[in-house]
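Next comes just one chain, in structure tokens: the form predicted alone.
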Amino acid sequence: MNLNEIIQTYYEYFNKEKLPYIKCANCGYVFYYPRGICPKCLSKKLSIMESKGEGEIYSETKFVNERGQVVIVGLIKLEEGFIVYANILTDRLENVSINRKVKVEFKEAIKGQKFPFFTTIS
């Protein structure tokens, strides 16, 4: 599977509200961002897997955008062992902190195409 096929497969997963990740069949390394080779061992033996979509906030940054809205982005460490850089959605800023449990939620960010966001749980 080449990189364009992997990216297209990711988009299909997103529209089905499923979070994909890649596992290297050679070394077992797991990663999220679409790549045609394993960043650890450079193998092309890759499989696209489906995450449960749950993890915890590894780091977070809050800032105010040009419209005066608070935007939160962060690194999310998923239960399967890979890390995602994503927006964190919340109605209460105090609910967003390091180690807080989160789950994936999908929103249509571009017409006809959903993308993953994360919300806090518990």
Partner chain sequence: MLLGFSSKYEKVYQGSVLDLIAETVGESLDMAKLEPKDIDGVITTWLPWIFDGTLAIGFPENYISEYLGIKPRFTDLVQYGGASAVEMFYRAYKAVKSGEADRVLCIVGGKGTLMKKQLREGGVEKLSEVELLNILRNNPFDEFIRIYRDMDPISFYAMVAARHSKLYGTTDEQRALLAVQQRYNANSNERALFKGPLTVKDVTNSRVVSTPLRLLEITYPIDGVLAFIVGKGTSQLRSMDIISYGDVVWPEFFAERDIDIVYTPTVESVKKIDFNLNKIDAFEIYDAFTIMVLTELEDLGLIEKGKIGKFVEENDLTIKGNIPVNTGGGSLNMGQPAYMSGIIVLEEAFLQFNNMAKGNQVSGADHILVNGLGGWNTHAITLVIGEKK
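Remember, it's a predicted structure, so these values are computed and weren't measured experimentally. Numbering follows the first chain given and starts at 1.
The discussion below concerns the form predicted in complex with the partner chain, not included here.
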| item | value |
| --- | --- |
| Contact label in the model of the complex: residue 47 to the partner chain, heavy atom within 4.5 Å | no |
| Contact of residue 13 with the partner chain in the model of the complex (heavy atom, 4.5 Å) | no |
| 4.5 Å heavy atom contact, residue 42 to the partner chain in the model of the complex | no |
| is_contact(residue 61, the partner chain) in the model of the complex, heavy atom dist at most 4.5 Å | yes |
| 22, 27 and 55 all contacting the partner chain in the model of the complex, non-hydrogen atom within 4.5 Å | no |
| Contacts with the partner chain in the model of the complex - residues in 78 to 111 whose heavy atoms fall within 4.5 Å | 83, 85, 86, 87, 98, 99, 109, 110 |
